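This document opens with one chain alone, in C-alpha coordinates, the form predicted on its own.
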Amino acid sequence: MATAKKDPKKSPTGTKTGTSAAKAEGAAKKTSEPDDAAARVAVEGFADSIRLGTESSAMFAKAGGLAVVCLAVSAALGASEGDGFKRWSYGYIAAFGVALAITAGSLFWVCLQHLVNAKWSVVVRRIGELFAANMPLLAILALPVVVPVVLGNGVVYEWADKTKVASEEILKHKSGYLNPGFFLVRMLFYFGFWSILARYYLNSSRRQDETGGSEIAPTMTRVSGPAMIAFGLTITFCSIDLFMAVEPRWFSTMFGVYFFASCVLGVHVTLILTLMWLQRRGRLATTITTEHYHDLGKMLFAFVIFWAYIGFSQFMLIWYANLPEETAWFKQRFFGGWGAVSWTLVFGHFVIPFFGLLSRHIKRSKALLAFWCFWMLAMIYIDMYWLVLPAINVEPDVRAMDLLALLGLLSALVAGAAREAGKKNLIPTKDPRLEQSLAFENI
(Lines give C-alpha, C1' and ligand atoms only; values in the text may rest on other atoms or scores of the structure.)
Protein backbone atom coordinates (compact mmCIF):
# COMPACT_ATOMS: atom_id res chain seq x y z
CA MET A 1 0.00 0.00 0.00
CA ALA A 2 1.59 3.28 -1.08
CA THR A 3 0.92 6.53 0.73
CA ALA A 4 1.25 9.72 -1.28
CA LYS A 5 2.28 12.84 0.62
CA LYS A 6 3.16 16.40 -0.16
CA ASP A 7 6.09 17.63 1.96
CA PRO A 8 6.12 21.39 2.50
CA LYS A 9 9.93 21.29 2.63
CA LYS A 10 10.35 20.20 -0.96
CA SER A 11 12.64 22.12 -3.24
CA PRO A 12 11.07 23.87 -6.27
CA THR A 13 11.98 20.88 -8.42
CA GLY A 14 9.99 18.58 -6.17
CA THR A 15 13.08 16.83 -4.62
CA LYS A 16 12.99 16.29 -0.86
CA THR A 17 16.02 17.47 1.10
CA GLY A 18 17.58 16.92 4.53
CA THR A 19 15.45 15.27 7.18
CA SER A 20 12.48 15.01 4.82
CA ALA A 21 14.48 12.85 2.42
CA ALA A 22 15.51 10.50 5.23
CA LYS A 23 11.94 10.15 6.43
CA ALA A 24 10.74 9.46 2.91
CA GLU A 25 13.38 6.77 2.44
CA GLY A 26 12.38 5.08 5.70
CA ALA A 27 8.70 5.20 4.83
CA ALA A 28 9.37 3.68 1.42
CA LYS A 29 11.04 0.66 3.01
CA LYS A 30 7.98 0.00 5.15
CA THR A 31 5.61 -0.15 2.20
CA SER A 32 5.11 -2.85 -0.39
CA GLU A 33 5.15 -0.31 -3.22
CA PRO A 34 7.96 2.02 -4.29
CA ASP A 35 7.33 5.70 -3.43
CA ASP A 36 8.19 6.88 -6.93
CA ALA A 37 7.73 10.38 -8.30
CA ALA A 38 4.46 9.54 -10.05
CA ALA A 39 2.86 8.62 -6.72
CA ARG A 40 3.61 11.98 -5.10
CA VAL A 41 0.70 14.38 -5.09
CA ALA A 42 1.60 17.98 -5.79
CA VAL A 43 -0.80 19.39 -3.17
CA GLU A 44 0.34 20.83 0.13
CA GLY A 45 -0.38 18.55 3.10
CA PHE A 46 -1.90 15.71 1.06
CA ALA A 47 -1.69 12.28 2.69
CA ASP A 48 -3.72 9.31 1.51
CA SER A 49 -3.33 5.82 0.11
CA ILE A 50 -3.70 6.15 -3.66
CA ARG A 51 -2.63 2.72 -4.94
CA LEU A 52 -4.42 -0.59 -4.83
CA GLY A 53 -1.12 -2.45 -4.55
CA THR A 54 -1.16 -6.22 -4.14
CA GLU A 55 -4.94 -6.21 -3.75
CA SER A 56 -5.22 -5.55 -7.48
CA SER A 57 -3.69 -8.97 -8.25
CA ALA A 58 -5.96 -10.66 -5.72
CA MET A 59 -9.05 -8.94 -7.11
CA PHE A 60 -8.03 -9.78 -10.67
CA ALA A 61 -7.66 -13.46 -9.78
CA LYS A 62 -10.96 -13.65 -7.88
CA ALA A 63 -13.06 -11.67 -10.33
CA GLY A 64 -11.40 -13.27 -13.36
CA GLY A 65 -11.93 -16.75 -11.97
CA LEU A 66 -15.56 -15.99 -11.18
CA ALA A 67 -16.07 -14.63 -14.70
CA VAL A 68 -14.66 -17.76 -16.33
CA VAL A 69 -16.72 -20.10 -14.14
CA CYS A 70 -19.98 -18.18 -14.57
CA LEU A 71 -19.64 -17.82 -18.34
CA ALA A 72 -18.62 -21.47 -18.75
CA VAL A 73 -21.55 -22.77 -16.68
CA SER A 74 -23.92 -20.39 -18.47
CA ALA A 75 -22.74 -21.66 -21.86
CA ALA A 76 -23.03 -25.29 -20.67
CA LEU A 77 -26.62 -24.67 -19.61
CA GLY A 78 -27.25 -23.05 -22.98
CA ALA A 79 -25.86 -26.08 -24.79
CA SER A 80 -28.18 -28.35 -22.83
CA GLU A 81 -31.20 -26.54 -24.27
CA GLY A 82 -30.71 -28.36 -27.57
CA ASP A 83 -31.69 -25.34 -29.68
CA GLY A 84 -28.26 -24.42 -31.00
CA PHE A 85 -27.65 -21.83 -28.26
CA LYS A 86 -30.64 -19.80 -29.45
CA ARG A 87 -32.21 -19.15 -26.05
CA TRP A 88 -28.79 -18.67 -24.44
CA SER A 89 -27.78 -16.13 -27.08
CA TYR A 90 -30.77 -13.89 -26.34
CA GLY A 91 -29.99 -13.92 -22.62
CA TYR A 92 -26.31 -13.27 -23.31
CA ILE A 93 -27.10 -10.23 -25.47
CA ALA A 94 -29.26 -8.76 -22.68
CA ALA A 95 -26.41 -9.25 -20.19
CA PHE A 96 -23.90 -7.89 -22.67
CA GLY A 97 -26.04 -4.74 -22.90
CA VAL A 98 -25.36 -4.05 -19.22
CA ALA A 99 -21.60 -4.58 -19.65
CA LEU A 100 -21.56 -2.34 -22.71
CA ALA A 101 -23.56 0.35 -20.91
CA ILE A 102 -21.03 0.45 -18.05
CA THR A 103 -17.95 0.45 -20.27
CA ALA A 104 -19.20 2.86 -22.92
CA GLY A 105 -20.69 5.03 -20.18
CA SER A 106 -17.28 5.21 -18.50
CA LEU A 107 -15.67 6.38 -21.74
CA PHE A 108 -18.37 9.00 -22.22
CA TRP A 109 -17.96 10.20 -18.65
CA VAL A 110 -14.18 10.61 -18.96
CA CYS A 111 -14.58 12.44 -22.26
CA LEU A 112 -17.24 14.70 -20.74
CA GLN A 113 -15.05 15.73 -17.80
CA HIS A 114 -12.35 16.92 -20.18
CA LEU A 115 -14.83 18.57 -22.51
CA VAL A 116 -16.28 20.80 -19.78
CA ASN A 117 -12.94 21.18 -17.97
CA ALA A 118 -14.53 19.78 -14.80
CA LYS A 119 -12.61 20.34 -11.57
CA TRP A 120 -14.74 18.56 -8.97
CA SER A 121 -14.38 15.19 -10.69
CA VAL A 122 -10.58 15.02 -11.07
CA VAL A 123 -10.17 12.69 -8.08
CA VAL A 124 -12.88 10.40 -9.45
CA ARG A 125 -11.79 10.40 -13.09
CA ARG A 126 -9.13 7.68 -12.90
CA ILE A 127 -11.74 5.09 -11.91
CA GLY A 128 -13.72 5.96 -15.01
CA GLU A 129 -10.54 5.66 -17.09
CA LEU A 130 -9.88 2.19 -15.70
CA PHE A 131 -13.33 0.87 -16.59
CA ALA A 132 -13.26 2.55 -20.02
CA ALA A 133 -9.99 0.72 -20.69
CA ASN A 134 -11.99 -2.54 -20.67
CA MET A 135 -13.06 -1.87 -24.27
CA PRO A 136 -10.68 -4.47 -25.83
CA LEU A 137 -11.91 -7.02 -23.31
CA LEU A 138 -15.50 -6.16 -24.16
CA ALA A 139 -14.72 -6.66 -27.85
CA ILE A 140 -13.62 -10.22 -27.03
CA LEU A 141 -16.75 -10.78 -24.97
CA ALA A 142 -18.81 -9.66 -27.98
CA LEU A 143 -17.59 -12.64 -30.03
CA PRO A 144 -20.54 -14.91 -29.06
CA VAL A 145 -22.76 -12.25 -30.61
CA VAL A 146 -20.66 -11.35 -33.65
CA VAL A 147 -19.30 -14.75 -34.77
CA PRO A 148 -22.70 -16.41 -35.49
CA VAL A 149 -23.69 -13.41 -37.61
CA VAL A 150 -20.45 -13.53 -39.62
CA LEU A 151 -21.00 -17.27 -40.18
CA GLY A 152 -24.47 -16.57 -41.54
CA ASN A 153 -26.26 -18.14 -38.58
CA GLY A 154 -29.61 -16.45 -37.99
CA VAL A 155 -30.02 -17.87 -34.48
CA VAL A 156 -30.72 -14.36 -33.14
CA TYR A 157 -30.35 -11.94 -36.04
CA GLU A 158 -32.50 -13.51 -38.75
CA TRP A 159 -31.17 -11.06 -41.35
CA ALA A 160 -27.84 -12.92 -41.13
CA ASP A 161 -29.49 -15.92 -42.82
CA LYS A 162 -29.43 -15.37 -46.60
CA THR A 163 -32.28 -17.83 -47.14
CA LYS A 164 -34.52 -15.92 -44.73
CA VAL A 165 -33.63 -12.59 -46.33
CA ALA A 166 -34.44 -13.88 -49.81
CA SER A 167 -37.88 -15.02 -48.69
CA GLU A 168 -39.04 -11.75 -47.11
CA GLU A 169 -39.21 -8.42 -48.89
CA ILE A 170 -38.69 -6.17 -45.85
CA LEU A 171 -35.48 -7.98 -44.87
CA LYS A 172 -34.29 -7.85 -48.47
CA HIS A 173 -34.97 -4.10 -48.49
CA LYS A 174 -32.78 -3.60 -45.38
CA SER A 175 -30.01 -5.96 -46.48
CA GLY A 176 -27.83 -3.12 -47.71
CA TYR A 177 -27.23 -2.26 -44.05
CA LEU A 178 -28.18 -5.46 -42.24
CA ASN A 179 -25.78 -8.00 -43.69
CA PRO A 180 -22.99 -10.04 -42.04
CA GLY A 181 -20.04 -8.41 -43.80
CA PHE A 182 -21.03 -4.81 -43.06
CA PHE A 183 -22.04 -5.78 -39.53
CA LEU A 184 -18.52 -7.10 -38.88
CA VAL A 185 -16.94 -3.94 -40.28
CA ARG A 186 -19.09 -1.78 -38.03
CA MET A 187 -18.31 -3.83 -34.92
CA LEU A 188 -14.58 -3.61 -35.64
CA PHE A 189 -14.90 0.15 -36.08
CA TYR A 190 -16.96 0.70 -32.92
CA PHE A 191 -14.76 -1.27 -30.57
CA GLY A 192 -11.57 -0.22 -32.32
CA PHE A 193 -12.38 3.47 -32.00
CA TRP A 194 -13.55 3.16 -28.40
CA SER A 195 -10.47 1.14 -27.42
CA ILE A 196 -8.08 3.68 -28.95
CA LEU A 197 -9.89 6.61 -27.32
CA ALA A 198 -10.02 4.94 -23.90
CA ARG A 199 -6.33 4.03 -24.08
CA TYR A 200 -5.44 7.57 -25.15
CA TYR A 201 -7.13 9.12 -22.11
CA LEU A 202 -5.67 6.62 -19.65
CA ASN A 203 -2.14 6.80 -21.05
CA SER A 204 -2.19 10.61 -21.26
CA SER A 205 -3.44 10.89 -17.69
CA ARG A 206 -0.76 8.50 -16.42
CA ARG A 207 1.93 10.28 -18.41
CA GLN A 208 0.88 13.46 -16.64
CA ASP A 209 1.42 11.66 -13.31
CA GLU A 210 5.00 10.94 -14.34
CA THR A 211 6.01 14.15 -16.08
CA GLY A 212 3.62 16.77 -14.75
CA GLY A 213 3.46 18.19 -18.28
CA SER A 214 1.27 21.30 -18.32
CA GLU A 215 0.32 20.74 -21.97
CA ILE A 216 -1.30 17.33 -21.42
CA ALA A 217 -4.59 18.44 -19.83
CA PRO A 218 -5.35 21.11 -22.50
CA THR A 219 -4.57 18.59 -25.25
CA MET A 220 -7.05 16.09 -23.79
CA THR A 221 -9.64 18.86 -23.62
CA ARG A 222 -9.15 19.68 -27.30
CA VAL A 223 -9.48 16.02 -28.27
CA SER A 224 -12.69 15.62 -26.28
CA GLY A 225 -14.79 17.82 -28.60
CA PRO A 226 -14.56 15.74 -31.80
CA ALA A 227 -14.30 12.56 -29.69
CA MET A 228 -17.68 13.29 -28.11
CA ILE A 229 -19.33 13.71 -31.50
CA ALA A 230 -17.82 10.44 -32.74
CA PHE A 231 -18.85 8.69 -29.54
CA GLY A 232 -22.45 9.85 -29.90
CA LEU A 233 -22.65 8.49 -33.44
CA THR A 234 -20.96 5.17 -32.69
CA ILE A 235 -22.96 4.37 -29.55
CA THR A 236 -26.18 5.16 -31.45
CA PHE A 237 -25.40 2.84 -34.34
CA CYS A 238 -23.96 0.14 -32.10
CA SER A 239 -27.13 0.02 -29.98
CA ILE A 240 -29.18 -0.25 -33.17
CA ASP A 241 -26.96 -3.06 -34.50
CA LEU A 242 -26.86 -5.10 -31.30
CA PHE A 243 -30.31 -4.58 -29.78
CA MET A 244 -32.81 -3.01 -32.15
CA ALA A 245 -31.71 -5.32 -34.98
CA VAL A 246 -32.87 -8.31 -32.93
CA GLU A 247 -36.30 -7.38 -34.31
CA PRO A 248 -35.39 -5.98 -37.74
CA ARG A 249 -38.94 -5.14 -38.80
CA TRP A 250 -39.22 -2.53 -36.05
CA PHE A 251 -37.38 0.77 -35.92
CA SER A 252 -37.13 3.87 -33.74
CA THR A 253 -35.08 7.00 -34.32
CA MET A 254 -34.79 7.51 -30.54
CA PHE A 255 -33.43 4.08 -29.70
CA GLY A 256 -29.78 5.19 -29.56
CA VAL A 257 -30.53 7.94 -27.05
CA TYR A 258 -32.59 5.50 -25.01
CA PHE A 259 -29.63 3.15 -24.71
CA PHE A 260 -27.30 6.08 -24.01
CA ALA A 261 -29.38 6.89 -20.92
CA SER A 262 -28.55 3.43 -19.56
CA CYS A 263 -24.86 4.08 -20.30
CA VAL A 264 -24.79 7.20 -18.14
CA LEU A 265 -26.73 5.50 -15.34
CA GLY A 266 -24.35 2.55 -15.54
CA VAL A 267 -21.19 4.59 -15.17
CA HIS A 268 -22.44 6.53 -12.14
CA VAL A 269 -23.53 3.33 -10.42
CA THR A 270 -20.09 1.85 -11.14
CA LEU A 271 -18.16 4.89 -9.95
CA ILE A 272 -20.07 5.16 -6.68
CA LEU A 273 -19.82 1.47 -5.79
CA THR A 274 -16.14 1.23 -6.79
CA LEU A 275 -15.18 4.26 -4.71
CA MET A 276 -17.03 2.85 -1.72
CA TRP A 277 -15.22 -0.49 -2.12
CA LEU A 278 -11.85 1.25 -2.31
CA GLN A 279 -12.54 3.33 0.78
CA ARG A 280 -13.55 0.25 2.76
CA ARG A 281 -10.03 -1.03 2.02
CA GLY A 282 -8.32 2.15 3.10
CA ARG A 283 -7.76 3.67 -0.33
CA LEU A 284 -8.76 7.25 -1.14
CA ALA A 285 -10.11 7.46 2.41
CA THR A 286 -9.80 11.25 2.68
CA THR A 287 -9.49 12.05 -1.03
CA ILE A 288 -13.11 11.16 -1.87
CA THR A 289 -15.48 13.05 0.36
CA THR A 290 -19.21 13.25 0.95
CA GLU A 291 -19.20 16.18 -1.47
CA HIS A 292 -18.03 13.97 -4.34
CA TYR A 293 -20.62 11.30 -3.52
CA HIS A 294 -23.26 14.00 -3.40
CA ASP A 295 -22.41 15.18 -6.92
CA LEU A 296 -22.33 11.63 -8.28
CA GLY A 297 -25.70 11.03 -6.63
CA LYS A 298 -27.10 14.14 -8.27
CA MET A 299 -25.98 12.90 -11.68
CA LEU A 300 -27.55 9.50 -10.98
CA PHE A 301 -30.80 11.21 -10.03
CA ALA A 302 -30.72 13.43 -13.11
CA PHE A 303 -30.32 10.53 -15.50
CA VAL A 304 -33.09 8.55 -13.84
CA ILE A 305 -35.28 11.42 -15.02
CA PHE A 306 -33.53 11.56 -18.41
CA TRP A 307 -34.16 7.85 -19.00
CA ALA A 308 -37.86 8.30 -18.22
CA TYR A 309 -38.08 11.34 -20.49
CA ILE A 310 -36.53 9.54 -23.46
CA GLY A 311 -38.52 6.36 -22.82
CA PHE A 312 -41.81 8.25 -22.65
CA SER A 313 -40.94 10.38 -25.70
CA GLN A 314 -40.21 7.27 -27.76
CA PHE A 315 -43.47 5.63 -26.67
CA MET A 316 -45.58 8.76 -27.08
CA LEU A 317 -44.42 9.44 -30.66
CA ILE A 318 -45.06 5.83 -31.73
CA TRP A 319 -48.43 5.73 -29.97
CA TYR A 320 -49.50 9.04 -31.54
CA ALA A 321 -48.47 8.01 -35.08
CA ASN A 322 -50.21 4.64 -34.59
CA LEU A 323 -48.38 2.89 -37.44
CA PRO A 324 -48.73 -0.91 -37.33
CA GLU A 325 -45.04 -1.52 -38.13
CA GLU A 326 -44.09 0.55 -35.08
CA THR A 327 -46.81 -0.17 -32.53
CA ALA A 328 -46.46 -3.97 -32.75
CA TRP A 329 -43.19 -3.77 -30.80
CA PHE A 330 -44.87 -2.07 -27.84
CA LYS A 331 -48.03 -4.16 -28.10
CA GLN A 332 -45.98 -7.29 -27.47
CA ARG A 333 -44.53 -5.71 -24.33
CA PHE A 334 -47.78 -4.37 -22.89
CA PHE A 335 -49.73 -7.59 -22.45
CA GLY A 336 -49.34 -10.69 -20.33
CA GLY A 337 -46.17 -11.13 -18.32
CA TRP A 338 -44.27 -8.58 -20.36
CA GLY A 339 -46.87 -6.01 -19.41
CA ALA A 340 -45.93 -6.58 -15.78
CA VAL A 341 -42.25 -6.06 -16.68
CA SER A 342 -43.17 -2.81 -18.46
CA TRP A 343 -44.90 -1.50 -15.34
CA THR A 344 -41.96 -2.67 -13.26
CA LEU A 345 -39.75 -0.40 -15.37
CA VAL A 346 -42.15 2.52 -15.06
CA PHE A 347 -42.16 2.35 -11.28
CA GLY A 348 -38.86 0.64 -10.54
CA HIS A 349 -36.72 2.52 -13.04
CA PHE A 350 -38.33 5.92 -12.54
CA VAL A 351 -41.06 6.58 -9.98
CA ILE A 352 -39.53 4.81 -6.97
CA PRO A 353 -35.88 5.90 -7.49
CA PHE A 354 -37.08 9.43 -8.29
CA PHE A 355 -38.44 9.83 -4.79
CA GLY A 356 -35.71 7.62 -3.34
CA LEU A 357 -32.91 9.84 -4.65
CA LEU A 358 -34.70 13.17 -4.32
CA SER A 359 -33.41 14.03 -0.83
CA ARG A 360 -30.04 15.67 -0.32
CA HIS A 361 -29.60 13.50 2.77
CA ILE A 362 -29.78 10.28 0.73
CA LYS A 363 -27.11 11.44 -1.70
CA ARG A 364 -24.80 12.16 1.23
CA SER A 365 -25.35 8.80 2.95
CA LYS A 366 -23.09 6.02 1.69
CA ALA A 367 -25.39 3.22 2.82
CA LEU A 368 -28.50 4.68 1.21
CA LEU A 369 -26.67 5.71 -1.95
CA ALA A 370 -25.20 2.21 -2.29
CA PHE A 371 -28.68 0.70 -1.97
CA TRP A 372 -29.98 2.84 -4.83
CA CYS A 373 -26.95 2.00 -6.95
CA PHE A 374 -27.66 -1.73 -6.65
CA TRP A 375 -31.33 -1.01 -7.30
CA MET A 376 -30.53 0.89 -10.50
CA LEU A 377 -28.10 -1.79 -11.65
CA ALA A 378 -30.93 -4.32 -11.38
CA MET A 379 -33.25 -1.98 -13.28
CA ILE A 380 -30.72 -1.54 -16.08
CA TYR A 381 -30.58 -5.31 -16.50
CA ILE A 382 -34.39 -5.63 -16.46
CA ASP A 383 -34.49 -2.91 -19.12
CA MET A 384 -31.99 -4.79 -21.34
CA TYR A 385 -33.95 -8.01 -20.80
CA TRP A 386 -37.17 -6.19 -21.76
CA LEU A 387 -35.56 -4.91 -24.95
CA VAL A 388 -34.26 -8.28 -26.17
CA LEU A 389 -36.15 -11.29 -24.79
CA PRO A 390 -39.70 -10.55 -26.04
CA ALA A 391 -38.37 -11.33 -29.52
CA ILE A 392 -38.24 -15.01 -28.56
CA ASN A 393 -40.41 -15.47 -25.46
CA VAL A 394 -44.15 -14.92 -25.27
CA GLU A 395 -43.80 -14.63 -21.48
CA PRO A 396 -40.85 -13.52 -19.30
CA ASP A 397 -38.60 -16.46 -18.53
CA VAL A 398 -35.48 -15.55 -16.53
CA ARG A 399 -33.19 -18.55 -16.26
CA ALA A 400 -30.04 -19.36 -14.35
CA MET A 401 -27.93 -19.16 -17.50
CA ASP A 402 -29.12 -15.56 -18.03
CA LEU A 403 -28.09 -14.46 -14.54
CA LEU A 404 -24.80 -16.37 -14.75
CA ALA A 405 -24.00 -14.60 -18.02
CA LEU A 406 -24.67 -11.25 -16.34
CA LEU A 407 -22.54 -12.10 -13.30
CA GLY A 408 -19.77 -13.42 -15.54
CA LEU A 409 -19.66 -10.31 -17.70
CA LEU A 410 -19.71 -7.92 -14.73
CA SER A 411 -16.97 -9.95 -13.02
CA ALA A 412 -14.89 -9.73 -16.20
CA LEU A 413 -15.17 -5.91 -16.10
CA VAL A 414 -14.05 -5.86 -12.47
CA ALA A 415 -11.12 -8.13 -13.28
CA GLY A 416 -10.11 -5.95 -16.21
CA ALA A 417 -10.21 -2.76 -14.16
CA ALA A 418 -8.25 -4.40 -11.31
CA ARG A 419 -5.58 -5.63 -13.71
CA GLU A 420 -5.29 -2.18 -15.26
CA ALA A 421 -5.02 -0.52 -11.84
CA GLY A 422 -2.01 -2.65 -10.88
CA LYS A 423 0.57 -0.56 -9.06
CA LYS A 424 -0.58 2.69 -10.65
CA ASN A 425 -2.23 5.67 -9.02
CA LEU A 426 -5.97 5.74 -8.39
CA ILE A 427 -6.08 9.52 -8.89
CA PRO A 428 -4.32 11.84 -11.38
CA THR A 429 -1.59 13.05 -9.02
CA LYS A 430 -0.36 15.98 -11.11
CA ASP A 431 -3.51 17.22 -12.77
CA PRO A 432 -3.49 21.05 -12.52
CA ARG A 433 -7.08 20.98 -11.18
CA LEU A 434 -6.41 18.41 -8.46
CA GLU A 435 -6.25 20.87 -5.56
CA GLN A 436 -9.64 22.31 -6.50
CA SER A 437 -11.10 18.80 -6.70
CA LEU A 438 -9.77 17.89 -3.25
CA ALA A 439 -11.30 21.05 -1.78
CA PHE A 440 -14.61 20.69 -3.63
CA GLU A 441 -17.82 21.54 -1.75
CA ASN A 442 -21.42 21.51 -2.94
CA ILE A 443 -23.29 24.79 -2.77
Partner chain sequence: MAESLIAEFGDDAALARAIDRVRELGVRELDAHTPYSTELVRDALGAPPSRLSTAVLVGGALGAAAAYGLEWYLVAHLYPLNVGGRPPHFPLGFVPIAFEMGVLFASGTAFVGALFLGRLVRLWAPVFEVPGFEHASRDTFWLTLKLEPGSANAGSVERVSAELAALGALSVRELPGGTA
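Because the structure is a prediction, the values reported are computed rather than measured. Residue numbers count along the first chain shown, from 1.
Below: the form predicted in complex with the partner chain, not depicted.
- Taking the partner from elsewhere, no residue among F183, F193 and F237 has a non-hydrogen atom within 4.5 angstroms of the partner chain in the predicted complex.
- The closest heavy atom approach of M316 to the partner chain in the predicted complex falls within 4.5 Å.
- For the chain shown alone, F334 is a contact residue for the partner chain in the predicted complex, at least one non-hydrogen atom being within 4.5 angstroms.
- Contact check for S80: every heavy atom lies farther than 4.5 Å from the partner chain in the predicted complex.
- At the 4.5 Å threshold, heavy atoms of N203 stay clear of the partner chain in the predicted complex, well away from it.
- For the candidate set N322, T286, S214, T163, a heavy atom within 4.5 Å of the partner chain in the predicted complex is found for exactly one residue, namely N322.
- Stretch 307-315 is the answer when you ask which of 307-315, 239-247, 95-103, 223-231 has residues with heavy atoms within 4.5 Å of the partner chain in the predicted complex.
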